[in-house]
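Only one chain is included here, represented as structure tokens and corresponding to the form predicted on its own.
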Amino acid sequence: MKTYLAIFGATGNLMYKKLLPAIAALQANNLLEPDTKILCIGRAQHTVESYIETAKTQIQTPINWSQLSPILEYFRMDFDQINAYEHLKNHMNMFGKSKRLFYLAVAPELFPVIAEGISSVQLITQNDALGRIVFEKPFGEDLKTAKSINTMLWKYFDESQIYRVDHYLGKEMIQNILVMRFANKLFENNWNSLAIEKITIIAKETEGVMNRGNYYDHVGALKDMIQSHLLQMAALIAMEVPKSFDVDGIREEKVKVLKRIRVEKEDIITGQYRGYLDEKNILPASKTETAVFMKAYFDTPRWKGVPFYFLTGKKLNEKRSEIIIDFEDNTMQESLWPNQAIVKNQLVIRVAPDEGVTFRLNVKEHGLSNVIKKVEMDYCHDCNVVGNKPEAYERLLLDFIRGNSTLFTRWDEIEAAWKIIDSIKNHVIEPILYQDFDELNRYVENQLKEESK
């Protein structure tokens, strides 16, 4: 079956930085069907030749353009002109019968008009097994707007035809969470409150908002990072064993556990980096948070009393995303080794930028003494890659083309996440100002000390 992938927003950053390089990589690895066409849809006046020349100036990733160019087409249209979709249909019909896939790499306010346009000319019809459409986040600004968007989508498409992208789910080590949990008896039997003391989920960035001020100032760190990326990571860590490991089995357990999360208002700290108000397109007296630290609990038998800590922010000390699982102290260590510093067992799942897993444990030091030392068993995921390292968008695009929705978020997952964020936003106080990570970290540590008194 031939594949026709039409991408709206073909002259935007997402297309140049992520989608075109991903398509080129899939083609280079023979993962695209031979009869595949990529229709690049944009508002700018281009021929396919001028579009490719422009793309070459925007893309830093090495691409075999002589191989990629023959499968690219360019189609100029105004997205908000309904009659333009009839012309689009006529153009796509020339390709013959095929899977018709649509990727909306555009701002959310364009979702309704594009969805209506595609549906009105029957480029995709409900119950059409060959038609699918994918949407980039954000999915609304709160539960109300998310519901509005989703109601609109259901008007034109079936849930099975709708693919919602959270690119974090395409990252290698996020996919590896299920393998770590369920392919290792060591962790499967100790993935609970009896063995685990706390879990920390981190997504730190060194950059500020850069040229995204107009978007970011209406969103903030809670909505931009916690609502989607970090809650998705937490759901994979905290969910129960699925009845089946198919798409719906995993999603059902993620939704169930997200509905059991509890966050107290005193357990939320927000910050705003100094200089944020001077960024382009930021309101002069903005109270938007650029960093969030919060503690949450999952009220399930498995996780009773285990705190989940979340930390994300901009202008911090490093770019790093990881999940840190701290195990409880050994019950015998005080009596057996009363005068030695024995570290906690710790499992670290490194998501970005260097992917891998580290397990920290105690061993006896070499020699005649009984000194105990900490060692690390480290697995470097990137070190085993020869040549191209698959990016998240490669996996997501391939799954979208093949109709595998495991790594895409279902509506009830998004609904559950927005309910959490909406309840949190009601408790958030004015963000503290911070110059750097050390200053923010000291404030957080002092708050935790006060809490433990």
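All residue numbers are counted from 1 along the displayed sequence. Quick caveat, the model's predicted, so the values are computed rather than measured.
If you look for the form predicted together with a small molecule, you will not find it shown, but the lines that follow are about it.
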TODO: Report the residue, out of Y297, F187, Y156, F79, that has at least one non-hydrogen atom within 4.5 angstroms of the small molecule in the predicted bound form.
DONE: F79
Open item on the list: Please tell me which of C380, L361, A183, L110 lies within 4.5 Å of the small molecule in the predicted bound form, judged by heavy atoms.
Closed with: L110
- [ ] Please run the contact check for G9 against the small molecule in the predicted bound form: heavy atoms, 4.5 angstroms, yes or no?
- [x] yes
Open item on the list: With the partner left out here, check for me: in the predicted bound form, does some heavy atom of I250 sit within 4.5 Å of the small molecule?
Closed with: no
Task: Heavy atom of E197 within 4.5 Å of the small molecule in the predicted bound form - done: no
- [ ] State yes or no: in the predicted bound form, is some non-hydrogen atom of A105 no more than 4.5 angstroms from a non-hydrogen atom of the small molecule?
- [x] yes
TODO: From the candidate stretches 131 to 139, 235 to 243, 344 to 352, 268 to 276, select the single one in contact with the small molecule in the predicted bound form, where contact means a heavy atom within 4.5 Å.
DONE: 131 to 139
- [ ] Give a yes or no on whether every one of L14, K17 and Y393 sits within 4.5 angstroms of the small molecule in the predicted bound form by heavy atom.
- [x] yes
